[in-house]
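Listed next as structure tokens is one chain, alone, in the form predicted alone.
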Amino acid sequence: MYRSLDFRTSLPDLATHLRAETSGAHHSLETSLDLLRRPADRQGFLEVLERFHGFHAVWEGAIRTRSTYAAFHASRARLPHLRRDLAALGRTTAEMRMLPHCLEADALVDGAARTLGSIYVLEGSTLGGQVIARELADSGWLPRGGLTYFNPHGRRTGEMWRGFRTWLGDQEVDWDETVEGARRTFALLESWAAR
């Protein structure tokens, strides 16, 4: 289903549609990760970051090499933040190279609409990441500067999200396929990162 994104009508924009259509999958992932309810210990977050590293190493590589959205995504890549955080928590470059990769993440970069849905999930995670960053702020084990993966844009998070929504609204894609891409991404993140 293609929709013309005219903000003068009562139709929702694509970001609003995606949020409504993926709310169950989003909730399921948050519940499975349980990042704010369990004790915020160093080892637990190290393991979660290692899992996210395995996802982003594959997913961002596929975006960079196969997606028409590579240029847009370049300034929003999270892999450098993961590498910084893992190093700050004591992982060496050699250890990071040995971390398992989520090979299934490559399949999320499959057609423009589904890829766009996948990007939506990761862009949206920066909003929830701010909450996680605030909750962790008083943790004695937190490295200087915090865990930047969860708050990659800092004070610019709102601005970056609004920019993403505007950009998303300019894309001519099939909304159903975009929802499918977002749901597949939530499901894979849940099965991979919430182990």
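What you are looking at is a predicted structure, and each value in this text was computed from that prediction instead of being measured. All residue numbers are counted from 1 along the displayed sequence.
FYI, the form predicted together with a small molecule isn't displayed, but the following is about it.
Although the partner is absent from the chain shown here, F52, Y120 and W161 each have a heavy atom within 4.5 Å of the small molecule in the model of the complex.
Contact check for A15: a heavy atom falls within 4.5 Å of the small molecule in the model of the complex. Not displayed here, the small molecule is approached by I132 to within 4.5 Å at the level of heavy atoms in the model of the complex. Mapping the unseen interface onto this chain, G61 falls outside it, with no heavy atom inside 4.5 Å of the small molecule in the model of the complex. Mapping the unseen interface onto this chain, L142 falls outside it, with no heavy atom inside 4.5 Å of the small molecule in the model of the complex. The chain is drawn here without the small molecule; in the model of the complex, the stretch among 68-76, 81-89, 100-108, 120-128 whose residues come within 4.5 Å of it by any heavy atom is 120-128.
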